[in-house]
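Given next, in structure tokens, is a single chain: the form predicted on its own.
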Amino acid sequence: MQRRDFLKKTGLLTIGSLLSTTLANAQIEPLKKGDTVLILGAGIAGLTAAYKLSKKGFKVIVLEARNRIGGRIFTYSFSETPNLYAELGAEWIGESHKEIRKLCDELGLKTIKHQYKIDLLLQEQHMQSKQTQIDSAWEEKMKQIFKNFEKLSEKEKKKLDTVSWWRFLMENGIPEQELLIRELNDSTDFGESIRQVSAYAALSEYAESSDFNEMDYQIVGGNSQIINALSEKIAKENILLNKKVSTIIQENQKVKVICDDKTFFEGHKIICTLPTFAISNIHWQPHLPHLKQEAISQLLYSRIIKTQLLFKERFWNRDDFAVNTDSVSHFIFHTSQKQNNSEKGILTSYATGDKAFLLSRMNKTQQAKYVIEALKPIFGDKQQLFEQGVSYYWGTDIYTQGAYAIYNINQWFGLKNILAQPFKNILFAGEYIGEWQGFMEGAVQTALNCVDAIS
């Protein structure tokens, strides 16, 4: 059963993230050929919308506050090894992510399997993935919980949203060791501790996911390839950088966007793909509805830091190497997997929440030291093989204040639907309101829904 079917069956689409129905019910006036759409944000949602609309004969203008396109897709190459690349932003395309995979095919981009066998490193004790066994009784109980999830009543679903994933697991008798492992594993999915995640949000994620938890594919050449390909299709003169939106005015069935540099643009519709922090800093005329303002202020984004370390050789000796640790470096994996044209290799440390914040306060040398120290129980001291590192902390990104949205306790039901609601001639898109929230797929899905609604 695919996730869309699963979400329909559990009622999630009708309550939490049914953007397409939300748009359909809003009775949005469709565009006429030649009309202008202003698209805010040149990430994958904004560029997908612009590409699809331009194909249909509409004029598009994409306004991007940064000095680069891509948003939270950010492929990086060390200058000494341009043939190797790593992702400082969005990483994976899942087996179930149909829309972005279809878009890659349409643009002539190849994807490659990029899966891991995840080891554990707890209190400096290393267990390979094949050695990590879940308590058999607990494993059976979890299978039953996932199975029962599909049959829950509306009232039971809403009750799940009132407790954290951590509390739910505790109340169901999870063994202490299994709780520790779930905290380490699941916090990499949500970007914060499972004490902050709605039990409903967690169950809707884990009850239907690929065997590798949607960590299945990457785009050959780096995920920024899809950004570059989309921008080429749109025509670069229609994508304007360094255009931070300060004011949006709606009057007489037209929209006007004023930027910080005093330039302004007029059109018939806006597709806003900005994260909620950026939306909250815009002056709206007329004001956004009160409920929407509240929803925007309530939704937080996860704190994640990605630290890329370049080594002279791939001492880990496994293309699919990954290890989840109880160290501050958290989740460490081989990011240059299947980039076999170099003896050198890149390991990524992916840390979330408080760990990410602690690492963000260190310089690059200290960050690298922590990752190398964390790996010492497995490989010994490999400091001599380390060449250089780079990191990006999304928790203080000036446009997002986080990597991706996290739905906390009591937020899943209602909050998503409010955030997805159009406002007059403005539609909203982005991973934070997608079925596959937190993934590139969610951003693409919502962009396509907006395009369908107005064209």
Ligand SMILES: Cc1cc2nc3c(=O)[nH]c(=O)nc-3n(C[C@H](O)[C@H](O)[C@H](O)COP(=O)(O)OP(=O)(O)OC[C@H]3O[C@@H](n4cnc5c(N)ncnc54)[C@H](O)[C@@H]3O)c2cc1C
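We number the residues from 1 along the sequence you see. Here the structure is a predicted model, which is why all the values come from computation and not from measurement.
This protein has a second form, the form predicted together with this ligand, left out of what is shown; the following refers to that one.
Though this ligand is absent from this view, in the model of the complex it lies within 4.5 Å of a heavy atom of just one residue from 245, 169, 194, 230, which is 245.
The contact with this ligand in the model of the complex, taken as any heavy atom within 4.5 Å, belongs to 274 out of 274, 332, 103, 234. Of the candidate stretches 28 to 36, 52 to 60, 411 to 419, 397 to 405, only 397 to 405 has residues with heavy atoms within 4.5 Å of this ligand in the model of the complex. Heavy atoms of residue 78 never reach within 4.5 Å of this ligand in the model of the complex, leaving it off the interface. Among residues of the shown chain, residue 206 is not one whose heavy atoms approach this ligand to within 4.5 Å in the model of the complex.
Looking at residue 306, you'd find a heavy atom of it within 4.5 angstroms of this ligand in the model of the complex.
Although the partner is absent here, residue 389 sits far enough away that none of its heavy atoms falls within 4.5 Å of this ligand in the model of the complex. Within 4.5 angstroms of this ligand in the model of the complex, the stretch 49 to 88 places a non-hydrogen atom from each of 63, 64, 65, 66, 70, 71, 72, 73, 88, taken in sequence order.
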